[in-house]
Every structure is written in structure tokens, then in C-alpha cells.
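This document opens with one chain alone, in C-alpha cells, the form predicted alone.
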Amino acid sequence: MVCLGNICRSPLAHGIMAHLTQTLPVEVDSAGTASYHVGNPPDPRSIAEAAKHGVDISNQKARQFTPNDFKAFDHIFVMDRQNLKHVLAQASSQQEMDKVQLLLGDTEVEDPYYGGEEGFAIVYNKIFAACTSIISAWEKA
């Protein structure tokens, strides 16, 4: 799960997907394309929104996306087109590029950072729906 700073959207996506796949052999992580918040916990508003739904993301620490992530993960879900562009620029092959897609398909997950708490609730719901859909598709495959 990848966003810009790895403190709002991608930690929520990481937490939601990890929560939904607890009984599946799936490893979930998150990262940011920028290094602004490396080592920091998620935004308190992300932590609070996740907690409302029984998802604990308080122990996550921001890290920066690296080319090694292409080797470590089969799927790389990105929150918006700008970060998609940054991730794809680090790919060294078509196979790596094929692992990357927007989490919401053709739609972006908006960054709630500069808004209020309601933005985090909206983002949570969009990410939850996307993760549920992805898991359903995996189970059918």
C-alpha cells in the first residue's frame, strides 16, 4: 500500500488489508514515495479512524518505498496517480510494472491530510470497500 508520506492513506490501507486477511497467507506493508515522515507513526486521525473499526495501526512506522519492494511483494496498490507515476519510475522491468495499480481501479483515494476528521472516515470507507473487493477477487482466482 503506497501513498505520499505513509502517514494517512497507506497506513489505513495496510491496517485494513492486514485485518481482513488475518486468516490468509498474506503479508501486508505500506510505504510512502516521499521521505518526509520516515520513522513516524501514522497521523493521529488515521489511528483514530482505524480504531473506530477495530483496526489498530498505532504501531506502524512510516517508511519510504524502494525498488526492493518489487521483489518483496506480488501486488503494489497505490493511492493516486502521482504516486503511481513515482512507483512505476522505480520499476526495472515490465514484470515489476505489472504488479502496480491504483487501489481504487481508475479512481484515486484523496489525501485527507489537510482536511478534517470526516475526510478520514470517507477515505477509510473507500479503502475498506476496495480491500474487500480485492480479497474477493483473490478468493475466486
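Source: prediction; values computed, not measured. In this text, residue numbers run from 1 along the sequence as written.
From this point on, the text means the form predicted together with 4-nitrophenyl phosphate, which you will not see here.
**Asked** Here the chain is shown alone; which of D69, E96, E108, D111 has a heavy atom within 4.5 Å of 4-nitrophenyl phosphate in the predicted complex?
**Response** Exactly one listed residue reaches within 4.5 Å, namely D111.
**Asked** H86 near 4-nitrophenyl phosphate in the predicted complex, any heavy atom under 4.5 Å?
**Response** No, no contact at 4.5 Å.
**Request:** Examine C3 and determine whether its closest non-hydrogen atom to 4-nitrophenyl phosphate in the predicted complex is within 4.5 angstroms.
**Result:** The answer is yes: C3 has a heavy atom within 4.5 Å of 4-nitrophenyl phosphate.
**4.5 Å heavy atom contact, R63 to 4-nitrophenyl phosphate in the predicted complex** = Because no heavy atom of R63 falls inside 4.5 Å of 4-nitrophenyl phosphate in the predicted complex, the answer is no.
**Request:** Within 4.5 Å of 4-nitrophenyl phosphate in the predicted complex, counting heavy atoms only, one of 52 to 60, 70 to 78, 31 to 39, 96 to 104 shows up; tell me which.
**Result:** Going by heavy atoms within 4.5 Å, the stretch is 31 to 39.
**Asked** Taking 4-nitrophenyl phosphate in the predicted complex, which residues along 7 to 28 bring a heavy atom to within 4.5 Å of it?
**Response** Contacts from 7 to 28: I7, C8, R9.
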